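Just one chain is shown here, as structure tokens, and it is the form predicted alone.
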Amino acid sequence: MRRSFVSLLTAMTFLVIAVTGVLAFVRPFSMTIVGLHALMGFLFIGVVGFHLANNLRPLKRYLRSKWMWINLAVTAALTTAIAMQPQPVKALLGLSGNLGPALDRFELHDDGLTYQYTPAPHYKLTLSVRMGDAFDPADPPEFAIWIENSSFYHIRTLHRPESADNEASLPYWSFKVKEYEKAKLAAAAGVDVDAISGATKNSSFDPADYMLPVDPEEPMPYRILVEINQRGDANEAVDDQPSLIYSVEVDNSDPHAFQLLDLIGYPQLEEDEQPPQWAIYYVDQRFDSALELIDSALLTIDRDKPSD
């Protein structure tokens, strides 16, 4: 294709991508801007292909130079740093009007903990957990916070424990995450998956589809769950009390600013099932101090009218 036409087209599409990229960073989420940025990106890929074809000879020289390896190292280092999101990167992302609000905030206080998640400036979720008598801030229990759809599919983990041994400490959350990963792989392979198949309600992996539905007339209920476990909390009945699970259902068609999480039970492996499944059972007489890890868990959602 004619070199001058391809070069100018590459420059023009890059200009649109650059401007929409900056707008997407500094402004709140806009489907128009993000859609334009994404589709122009696809066009840019095709145009770059023509640009590479027109400049194949000099590019081959570049690939054989030392600058190729230096550029590769710099790109790999920057990609790793941004993907791992250390505090300086998080601070930078926090300046964004779009990405910043989506960052979660977790704080441990003297009397409890607070988790904040803001998928959009007009939808702010705060989970406030008040410590019970058995909660020791010096040796806090492990816990996970995640979102499920109404079909009980894990959608997103909002907070995960620092320990790598999650499966033993928080088996129900760990099981849900594994099922989620398998469902995502199956969906990517085009395999029909229960409750995640097709463009039906409760079929998305994106938490924004539940918290910020495109069609407000068809809200998608979701659940927020907390699994908490203090390791080694033995009593006369057991050597280590199992984890406990708290839950609350959120229905944006029936909005409530304040909702309390309810204790729904403890996880137990049903080995008779093939493959073995983790199920939730009502608490029994084996529990004592585990029931006092959490005094109360309050979910607060601030819903404002979204801005254009």
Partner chain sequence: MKPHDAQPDRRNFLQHSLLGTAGASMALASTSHVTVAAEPDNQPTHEATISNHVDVLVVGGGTAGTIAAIQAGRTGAKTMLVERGSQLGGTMTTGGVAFPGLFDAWGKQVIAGIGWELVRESVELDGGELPNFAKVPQRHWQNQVYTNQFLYAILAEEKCHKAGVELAYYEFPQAAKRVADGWQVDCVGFGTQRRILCKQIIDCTGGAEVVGLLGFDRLREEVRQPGSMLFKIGEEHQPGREQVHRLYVHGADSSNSRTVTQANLTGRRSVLAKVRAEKKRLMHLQPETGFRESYRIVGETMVTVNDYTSGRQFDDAISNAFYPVDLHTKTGVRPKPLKPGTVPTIPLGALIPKGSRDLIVAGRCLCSDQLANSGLRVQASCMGMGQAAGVAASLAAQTGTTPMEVPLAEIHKVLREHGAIIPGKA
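If you're wondering where the values come from, they're calculated on a predicted model, not measured in any experiment. Residue numbers count along the first chain shown, from 1.
What comes next is about the form predicted together with its partner chain, which does not appear here.
A heavy atom within 4.5 Å of its partner chain in the predicted complex is found for exactly one of Pro221, Pro121, Pro207, Pro161: Pro221.
In terms of contact with its partner chain in the predicted complex, the residue from Phe258, Tyr281, Tyr62, Phe42 that brings a heavy atom within 4.5 Å is Tyr281. Partner contacts here mean any heavy atom within 4.5 Å of its partner chain in the predicted complex, and among 43 to 51, 62 to 70, 261 to 269, 236 to 244 they occur only in 261 to 269.
By the criterion of a heavy atom within 4.5 Å, Ser150 is counted among the residues contacting its partner chain in the predicted complex. With a 4.5 Å cutoff on heavy atoms, His154 does not count as touching its partner chain in the predicted complex; it lies far away. In the predicted complex, its partner chain sits within 4.5 Å of a heavy atom of Tyr172. Contacts with its partner chain in the predicted complex, taken as any heavy atom within 4.5 Å, map to no residue of 111 to 141.
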